[in-house]
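Below sits a lone chain in structure tokens, taken as the form predicted alone.
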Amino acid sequence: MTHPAPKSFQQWRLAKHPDGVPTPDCFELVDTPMPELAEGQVMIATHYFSLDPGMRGRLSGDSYAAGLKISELIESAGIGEIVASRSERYGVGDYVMGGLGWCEGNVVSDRGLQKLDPALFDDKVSMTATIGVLGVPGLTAWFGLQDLGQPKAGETLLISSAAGPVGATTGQIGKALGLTVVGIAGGSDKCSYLTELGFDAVIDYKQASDLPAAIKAACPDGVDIYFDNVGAEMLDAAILNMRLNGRIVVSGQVSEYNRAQPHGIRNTTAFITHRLRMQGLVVYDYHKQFVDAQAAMAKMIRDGSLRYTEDISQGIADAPKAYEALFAGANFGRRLIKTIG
């Protein structure tokens, strides 16, 4: 039996540009009427959407993409079911992933969506993995480490925010490549989690009064690859421990996103003395290679060499508070919102 398409969906929109950590009053939950479908459009009921720290810059201005304007839908990756269609590509009942945003649903173009086959997922690879370990976070780890990090077996890999979805995936890929992997995380629970994932050593930065010294103790021969998700003082501490010809991969700068005056990089002399290389990435530059990388990571999940954790909150109403908590390090793994059921 076909049910009539909804006439409206609740959507989180930008109420004001944040100053510092985005607080719930920066967002407004709006009951948004749905337009009639035009040719090539679909209506999607969202089941899950992601909360991404890297989105922070776009809430205040231009970043890796154009900044959001007041009253615009908050953008994010999502998974949903098509409930109405005027598309030749997708029909009612199809499951898709794409940039669906913080919403219960929306009308969007059929371009930029990826159809999901429920038969491909099981108790080891969940459908939500497509917006987590097999989505932007996992792909960032995959390409950041292997393309920019240029790892060689026996080298030492240091990762900040190592219990997050990017960091934890990077560490496990590093272990599969024969690296010695050291993670930096905050709190005993996160450090224990990384040990369970097979990290060779873990630094609890909340307990380290001298972070450069703590890194040196964990990496006595120095760091060949630093996978940076944090920036600022943690980046400075890592630079002091880099080996000759070390590589720094800049995946994120979570400690800088909410600062009016960024800390930046202080220990730049080491770039000369140790011939260091530092490079950032935007994972969408690798879009033509996504399918192959996803297949390789799915194989790792099924053979047990890659584990992932999802931190799922129930209900769209909690999205702003859950997003704010990201910047206090409250989550394990990929932070998602489940909107249905």
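Predicted model, so just to flag it, every value in this text is computed and none were measured. One-based numbering along the sequence shown.
Another form exists, predicted together with a further copy of the same chain; not displayed. Remarks below refer to it.
Q: So, in the model of the complex, is residue 269 in contact with a further copy of the same chain at a 4.5 angstroms heavy atom limit?
A: Yes, residue 269 lies within 4.5 Å of a further copy of the same chain in the model of the complex.
Q: Taking the shortest heavy atom distance, is residue 278 within 4.5 Å of a further copy of the same chain in the model of the complex?
A: Yes - in the model of the complex, heavy atoms of residue 278 and a further copy of the same chain come within 4.5 Å of each other.
Q: Applying a 4.5 Å heavy atom distance criterion, does residue 176 contact a further copy of the same chain in the model of the complex?
A: Output for residue 176 is no: heavy atoms all beyond 4.5 Å of a further copy of the same chain.
Q: Considering non-hydrogen atoms and a 4.5 Å limit, does a further copy of the same chain approach residue 34 in the model of the complex?
A: Residue-level check for residue 34: no, no contact with a further copy of the same chain.
Q: a further copy of the same chain in the model of the complex: within 4.5 Å of a heavy atom of each of 239, 262 and 265?
A: All of them do, each having a heavy atom within 4.5 Å of the partner.
Q: Looking at 144, 252, 165, 105, which is the one with a non-hydrogen atom within 4.5 Å of a further copy of the same chain in the model of the complex?
A: Going through each option in turn, the one that passes is 252.
Q: Exactly one residue in 257, 193, 95, 205 has a non-hydrogen atom within 4.5 Å of a further copy of the same chain in the model of the complex; which is it?
A: Partner contact (heavy atom, 4.5 Å) among the options: 257.
Q: Among 24-32, 44-52, 311-319, 278-286, which stretch has residues whose heavy atoms lie within 4.5 Å of a further copy of the same chain in the model of the complex?
A: That would be stretch 278-286.
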